[in-house]
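First, one chain by itself: the form predicted on its own, in structure tokens.
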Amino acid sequence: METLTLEKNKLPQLIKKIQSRYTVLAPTKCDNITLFKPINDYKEINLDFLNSKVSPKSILFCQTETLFKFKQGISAEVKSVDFPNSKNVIFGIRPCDAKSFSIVDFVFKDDFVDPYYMNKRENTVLIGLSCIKPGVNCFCTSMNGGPAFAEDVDILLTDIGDKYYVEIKTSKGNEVVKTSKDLFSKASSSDKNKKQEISEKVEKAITRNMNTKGIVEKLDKIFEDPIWKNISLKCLGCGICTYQCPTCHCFDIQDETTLSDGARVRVWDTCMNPEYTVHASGHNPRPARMNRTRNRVYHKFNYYPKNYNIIACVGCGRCINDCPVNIDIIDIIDQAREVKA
């Protein structure tokens, strides 16, 4: 679609115009970490970041979300939760995190449509920001993505010096831009070449990669291999790898009640918790940490590709960066590939 440029000094004006029609959520600095939050003023935005600590997945798939409320007793009733009417713009989302939305979409709109997720998804515009410096554990290029990958955003901005190269990818993106056309200029061939040069330079700076060729078939053959016990020996079972992952989507349902009033609430959960798979009978099909460690790997690199023809990983590196015992998903896949089966 259309390509434009936006001078950096005009970005505050663009944000202000967008705010007249949308709620803008952007990367902000909170206690020395970057998180995506609703902003009131452009000055709150922090664009000097590698990636947010918690992925913006939490905007669409909330960490805690009320599904409905109810009253107990003689006057028992169920009250639906009203969906918000506001439209959102997630500004500054990295390409890897935008790609994660396209992966998680399969869970919430494939066989059964989840109205809580889909309402937010359909009313959200993604304005992506290309990476200009990869993290030490970034490997998005191994996951069919890249630092300037634009296929999962509505608009992509790439820093090319004193301005941004702007790629409008969808009708949603075009809707945002058309009310602020006076702020943009048509991109020249020189702008395009500069954008390409910068993107290629950043891509070459990514030093880590994961070879996933044939991994689905390989994992089919080594399910019972001792490798999984060896890998799980270091694991603490804290679940940080899953909570930080932009494609993990495990949740629990809880009823929170007082004497008469209550609410059914959905909260994030993790398959690394021993209680996660406990049946009502008390049986647990994944009783040991080895079972749960293996399941995490198989879910992303075997089960998900079989069901949806895509690996449930975007190469953001959060699980590697934040693991307290330095478990590395790239190393795990490398070890799995080396097993003789």
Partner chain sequence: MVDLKKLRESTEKIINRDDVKYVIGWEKGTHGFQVTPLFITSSDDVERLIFNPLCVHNLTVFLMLQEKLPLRKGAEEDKRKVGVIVKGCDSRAIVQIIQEKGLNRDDVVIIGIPCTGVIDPKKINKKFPNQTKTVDIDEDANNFVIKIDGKTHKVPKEELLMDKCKQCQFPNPIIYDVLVGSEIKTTGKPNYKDVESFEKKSLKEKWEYWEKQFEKCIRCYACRNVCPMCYCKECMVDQLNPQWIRRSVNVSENTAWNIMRAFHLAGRCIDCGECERVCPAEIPLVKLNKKLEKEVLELFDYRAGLDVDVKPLLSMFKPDDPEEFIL
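Numbering follows the first chain given and starts at 1. Predicted, not measured: the structure shown is a model, and the values here were computed from it.
Keep in mind that the form predicted together with its partner chain is missing from the display, and what follows is about it.
Only one of 238-246, 178-186, 89-97, 157-165 places residue heavy atoms within 4.5 angstroms of its partner chain in the predicted bound form, namely 238-246. Its partner chain in the predicted bound form comes within 4.5 Å of no heavy atom belonging to S20.
Within this chain, T258 lines the site of its partner chain in the predicted bound form, having a heavy atom no more than 4.5 Å away.
Contact annotation: I33 falls within 4.5 Å of its partner chain in the predicted bound form, judged by heavy atom distances. In the predicted bound form, its partner chain stays beyond 4.5 Å of every heavy atom belonging to P38. The three residues M118, K172 and M210 each lack any heavy atom within 4.5 Å of its partner chain in the predicted bound form.
Residues of 122-139 placing a heavy atom within 4.5 Å of its partner chain in the predicted bound form, in sequence order: K133, P134, G135, V136, N137.
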